[in-house]
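So this first bit is one chain, no partners, the form predicted on its own, shown in structure tokens.
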Amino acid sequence: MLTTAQADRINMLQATMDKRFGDIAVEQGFLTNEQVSTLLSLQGNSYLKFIQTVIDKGYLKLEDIDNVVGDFKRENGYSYEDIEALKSGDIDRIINVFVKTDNEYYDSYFAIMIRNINRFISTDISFGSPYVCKEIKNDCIASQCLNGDHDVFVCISADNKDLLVVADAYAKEEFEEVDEDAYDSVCEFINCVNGLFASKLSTSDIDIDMLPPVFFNNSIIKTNDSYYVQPVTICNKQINVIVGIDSAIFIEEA
């Protein structure tokens, strides 16, 4: 239904607008709504495919699966709606359930960040709820500040080489070490996400400017106020997305 050039065009546009692939395809006149619906139905539900495979292979019976899911629900304190969101595999639905703070700007930022990790880095991701923090240490920190009607600090941090899971995917090459080139790749990804966030704020007449990204090694991120940490696991690698809005952030050598 699409040429390679059309698909590449849509991927490029996703770096400038926080929209789904199918929505952009329709806006560009490449696909109709009916074609998008057909393609989505062909994708199927990965949860249902997994369950069917488990049953077909004779590993578990349906009642066993129901018991396992029930135990998982109770152990984690999840509601019926939480479990149904996870089963759906719909990233927006999952974000709406699990990414909640007491501030709409944080919620909006983390939603944009996770959607773009899912689009540009990997679909093999999991994440919990963001939590408030005043101090955190990481080996590798790629960051950017935004100034204007709100002052925003953003960074992606990780220990050891876990940051490479972002650098490799965004640059489409493999880095052996977290060197300057790897940091540049992560910073470019952060800059892309921040551009989308700034565009979203501009629709509410909130203006912010992005400063050049910077990176740090073996440092501590501190504040006298508070910031939020959104843990994300990508291909079994742990990263932290840290955001501080209108909070004074200090980065010190560990």
Partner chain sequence: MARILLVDDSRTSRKILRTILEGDGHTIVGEATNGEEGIEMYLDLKPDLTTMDITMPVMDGIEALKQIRNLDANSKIVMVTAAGQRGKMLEAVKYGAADFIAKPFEPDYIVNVVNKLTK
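Every value quoted in this text rests on a predicted model; they were computed, and no experiment measured them. Residue numbers count along the first chain shown, from 1.
Heads up, the form predicted in complex with its partner chain isn't pictured, but that's what we're talking about next.
Trainee: Is residue 211 one of the residues lying within 4.5 Å of its partner chain in the model of the complex, judged by heavy atom distances?
Mentor: Result yes; residue 211 sits at the interface with its partner chain in the model of the complex.
Trainee: Looking in the model of the complex, any heavy atom of residue 119 within 4.5 Å of its partner chain?
Mentor: Taking the distances in the model of the complex, the answer for residue 119 is yes, it comes within 4.5 Å of its partner chain.
Trainee: Report whether the minimum heavy atom distance between residue 34 and its partner chain in the model of the complex is within 4.5 Å.
Mentor: Taking the distances in the model of the complex, the answer for residue 34 is no, it never comes within 4.5 Å of its partner chain.
Trainee: Looking at the partner-bound form in the model of the complex, is residue 78 within 4.5 Å of its partner chain by any heavy atom?
Mentor: Residue 78 lies outside the contact set for its partner chain.
Trainee: When its partner chain is placed as it is in the model of the complex, are 170, 191 and 199 each within 4.5 Å of it, taking any non-hydrogen atom of the residue?
Mentor: Yes, because 170, 191 and 199 each have a heavy atom that approaches its partner chain to within 4.5 Å in the model of the complex.
Trainee: Have a look at 162, 139, 184, 107 for me and say which one sits with a heavy atom within 4.5 Å of its partner chain in the model of the complex.
Mentor: In short, 184.
Trainee: Can you work out which of 207, 225, 27, 64 has a heavy atom no more than 4.5 Å from its partner chain in the model of the complex?
Mentor: Checked against the cut-off, the match is 207.
Trainee: From the candidate stretches 66-74, 191-199, 53-61, 216-224, select the single one in contact with its partner chain in the model of the complex, where contact means a heavy atom within 4.5 Å.
Mentor: Within 4.5 Å of the partner lies stretch 191-199.
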